[in-house]
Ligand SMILES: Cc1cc2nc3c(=O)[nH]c(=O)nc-3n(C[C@H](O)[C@H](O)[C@H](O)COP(=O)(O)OP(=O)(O)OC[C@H]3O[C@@H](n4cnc5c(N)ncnc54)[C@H](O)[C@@H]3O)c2cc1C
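First comes one chain, alone, set out as structure tokens in the form predicted on its own.
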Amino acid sequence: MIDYAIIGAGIGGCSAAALLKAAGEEVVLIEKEPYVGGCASTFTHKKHRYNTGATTICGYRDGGAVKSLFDRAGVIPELIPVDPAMVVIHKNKTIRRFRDVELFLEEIDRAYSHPKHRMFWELVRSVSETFYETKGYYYSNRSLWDKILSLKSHAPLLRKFWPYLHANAQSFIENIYGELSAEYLDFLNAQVLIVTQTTLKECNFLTAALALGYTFDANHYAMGGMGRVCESLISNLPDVRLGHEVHSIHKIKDGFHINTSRGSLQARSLIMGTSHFESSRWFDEEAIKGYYRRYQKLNNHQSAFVLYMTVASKTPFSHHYQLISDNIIPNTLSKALFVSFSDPADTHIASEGHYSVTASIHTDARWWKDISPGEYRRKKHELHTLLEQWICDTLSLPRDSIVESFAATPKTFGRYLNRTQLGGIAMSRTNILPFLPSNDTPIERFYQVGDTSYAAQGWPGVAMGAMNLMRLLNE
């Protein structure tokens, strides 16, 4: 019987596997696809390569959770710094999100002139830096007593950030600026939505500050694609079972029995690197199904529509753009499109003289479900065409430079990733820590990692969750 089995080789599964292996534990990593990464994978389509969803790594720096994770795994990923972290194009304005606050203030003042910009953005940077410098807190859900003890460890955070934790983000910002212009509010909301899966009206100021401040942190481009970063994390792991689709999992006396498309195995402990909202399908034990039901109310069904393109061009492009429209795009939840270009020197993901492009926008998974095949194809084609034209018009990209172009809907992600809700739990004011899932559970030897468990979304949040899991396992 294996000590630890991990289901799902996304960022969470790969991180947990790497940390367990570094700690000397016996672990097997199981993934249904022939490659690792999940939402951060890199795949091949018609001989061209693309990043599935995630396209940037934030927080890879000394003292940060992401670098600490790789250091403990004994791995150095092949990354190049990205500055500005992204270029925002809003109507006729271009705002480069530089890491240096002074450079960014020049950009923001030129686009949306206001005397309070320095006060606000220096506060955002200060809150972000102070938050990530705070250490020692953890979170457990094993029992009520364990939860209370772990919540006490957050006391330093509460003392430092209490004024921001209970303040509505939009109201707090309006108190600084006065009334916000519609354009500037769109600019802020577009960036908050990327990180938090919610808006200024729905989150507290601490959450908004962390979202707006991520461009002041270290941002990197992954050479060879995001999937290669996940591959590097588990490069020391001897037992990675790709192409093993899980059919069922049963709780047994001494652990778990896992049936896959290519055989079965038993493990003393089980770590799910899958979404809380779509994992109960593999279990028949009422205790585990009940555990997952407890968190279904956190499922906002938010997902993504993603456009993939291969472009032949020698024009220099930034790594990341955010395009902001005046109105919400039809069949989406957003006015903003996030567009990522591969690095010109990265010939692993795109041949010389070509770019691999991943462009994503928020949508509701329910809008793509239970409709006729004809209606599905029509909606997909219309949104695909609209987004492609928007990119071409905004970035002066000739249509005839597009070598390949196709799109993915929430149904596509359900088929390949076993999940339609993407981005994790929305970080709204009502979704607060005592009511969120941790990396441990009340079920013995049953654990969870990934963007729907503690601490949050993205590489920093998932890395913090994997480190939190290791602390809980070592108690």
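The model shown is predicted, which means the values in this text are computed figures rather than measured ones. For every residue, the number given is its place in the sequence shown, counted from 1.
Not pictured, yet referred to below: the form predicted in complex with this ligand.
Asks: So, in the predicted complex, is residue 17 in contact with this ligand at a 4.5 angstroms heavy atom limit?
Replies: No - in the predicted complex, heavy atoms of residue 17 and this ligand never come within 4.5 Å of each other.
Asks: Should residue 31 be counted as a contact of this ligand in the predicted complex, where contact means heavy atoms within 4.5 Å?
Replies: Judged by the heavy-atom cut-off of 4.5 Å, residue 31 is in contact with this ligand in the predicted complex.
Asks: Is residue 37 part of the interface with this ligand in the predicted complex - any heavy atom within 4.5 Å?
Replies: Result yes; residue 37 sits at the interface with this ligand in the predicted complex.
Asks: Check whether residue 54 has any heavy atom within 4.5 Å of a heavy atom of this ligand in the predicted complex, and answer yes or no.
Replies: Output for residue 54 is yes: heavy atoms within 4.5 Å of this ligand.
Asks: Would you point out which of 165-173, 127-135, 200-208, 243-251 contains residues with a non-hydrogen atom within 4.5 Å of this ligand in the predicted complex?
Replies: That would be 243-251.
Asks: Any chance 291, 439 and 465 all have a heavy atom within 4.5 Å of this ligand in the predicted complex?
Replies: No, the candidate spot makes no contact with this ligand.
Asks: Identify, from the list 417, 408, 65, 426, the residue with a heavy atom within 4.5 Å of this ligand in the predicted complex.
Replies: Here the answer is residue option 417.
Asks: Enumerate the residues of 336-365 that have a non-hydrogen atom within 4.5 Å of this ligand in the predicted complex, in sequence order, or give none.
Replies: Contacting residue: only 360.
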